[in-house]
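First, one chain by itself: the form predicted on its own, in structure tokens.
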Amino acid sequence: MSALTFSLKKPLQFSVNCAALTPSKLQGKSIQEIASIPMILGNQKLTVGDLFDISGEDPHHFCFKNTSDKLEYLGANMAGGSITIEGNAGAYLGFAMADGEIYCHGHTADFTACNMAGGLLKIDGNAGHFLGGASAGLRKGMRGGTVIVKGSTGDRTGDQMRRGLILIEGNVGDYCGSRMIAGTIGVLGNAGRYAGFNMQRGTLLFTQAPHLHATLQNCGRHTLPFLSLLFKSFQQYNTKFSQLNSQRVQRFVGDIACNGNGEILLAEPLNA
């Protein structure tokens, strides 16, 4: 069966909440029923059929075409199945996602994978601020799952992250891993300022020396055998991180300003 496909009819002037369009929420619905689902565009009350041309028949696999960064909350609260986005996605992609797989071929806006609890989210382009962080008013960021970013991300990546894995092949902005409780964030490119700020536990894995603040303590170089298992686990993903192989790292701990037991590991770059 071909994937259930939503092709945006025309460019959008305002943002649209697409949280209703996930495989688990549309199980058992016909194309006519899906097309009649109400949507809000600015001050207009429309339907899914007004915004998208709908085709295909596989209710477990969705595809969005002609996409726009105005399409927000794609894959929100997703509990299974897969979504492919052939273009850019708006804010809150994969919000509170629990299971399934999302593959975005373009860039994503802020709060991608925020409050994520499970599943796999892959992004070919860049992601905005607060990737894997907590949404406004909540104190728990990403709580599980895996995010792979081929490009770069903005500030506060993994803010208040509590569990899960984020791998970024490009650069990352300021305050990476801020207020982090647990989990792992890997960055192959450059990191901005204040990485690990108020970090309590968890691991930040860098291959380029970050600009660290005073309350992160340098513990020297170490050989950590567990890294061979960590790097081996990356091989299941199509990512450059699977090329890492050295167990020798520079280790920093902190943030000691908040009695943190987190760690920053500086590994050898891929071209070393």
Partner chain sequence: MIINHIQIADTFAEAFNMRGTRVIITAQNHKWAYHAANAMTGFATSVIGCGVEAGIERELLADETPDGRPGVSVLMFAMGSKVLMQQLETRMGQCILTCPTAAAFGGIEPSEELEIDQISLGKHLRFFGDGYQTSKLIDGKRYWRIPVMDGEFLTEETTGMVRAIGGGNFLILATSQAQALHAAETAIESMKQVPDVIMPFPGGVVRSGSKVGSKYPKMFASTNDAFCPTLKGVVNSELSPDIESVMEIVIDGLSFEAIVLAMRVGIQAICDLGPDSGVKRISAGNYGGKLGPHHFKLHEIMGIKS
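Just so we're clear, the structure is a prediction, and the values are computed from it rather than from any experiment. Positions refer to the first chain, counted from 1.
One more form of this protein should be noted, the form predicted in complex with the partner chain, which is absent from this view; the next part is about it.
Note which of 17, 261, 250, 24 lies within 4.5 Å of the partner chain in the model of the complex, where distance is taken over heavy atoms; exactly one does.
-> So the residue touching the partner chain in the model of the complex, by this definition, is 261.
From the list 31, 224, 219, 41, which entry has a heavy atom within 4.5 Å of the partner chain in the model of the complex?
-> The option sitting close enough to the partner is 224.
_Taking a heavy atom within 4.5 Å as contact, would all three of 184, 201 and 229 count as contacting the partner chain in the model of the complex?_
Every residue of the candidate spot has a heavy atom within 4.5 Å of the partner chain in the model of the complex.
Can any non-hydrogen atom of residue 233 be found within 4.5 angstroms of the partner chain in the model of the complex? Close contact exists here: in the model of the complex, residue 233 approaches the partner chain to within 4.5 Å, heavy atoms only.
Non-hydrogen atom contact residue 163 with the partner chain in the model of the complex at 4.5 angstroms:
It does: once the partner chain is placed as it appears in the model of the complex, residue 163 has a heavy atom within 4.5 Å of it.
ask   = If contact means any heavy atom within 4.5 Å, which of 202-210, 31-39, 59-67, 44-52 contacts the partner chain in the model of the complex?
value = The contacting stretch is 202-210.
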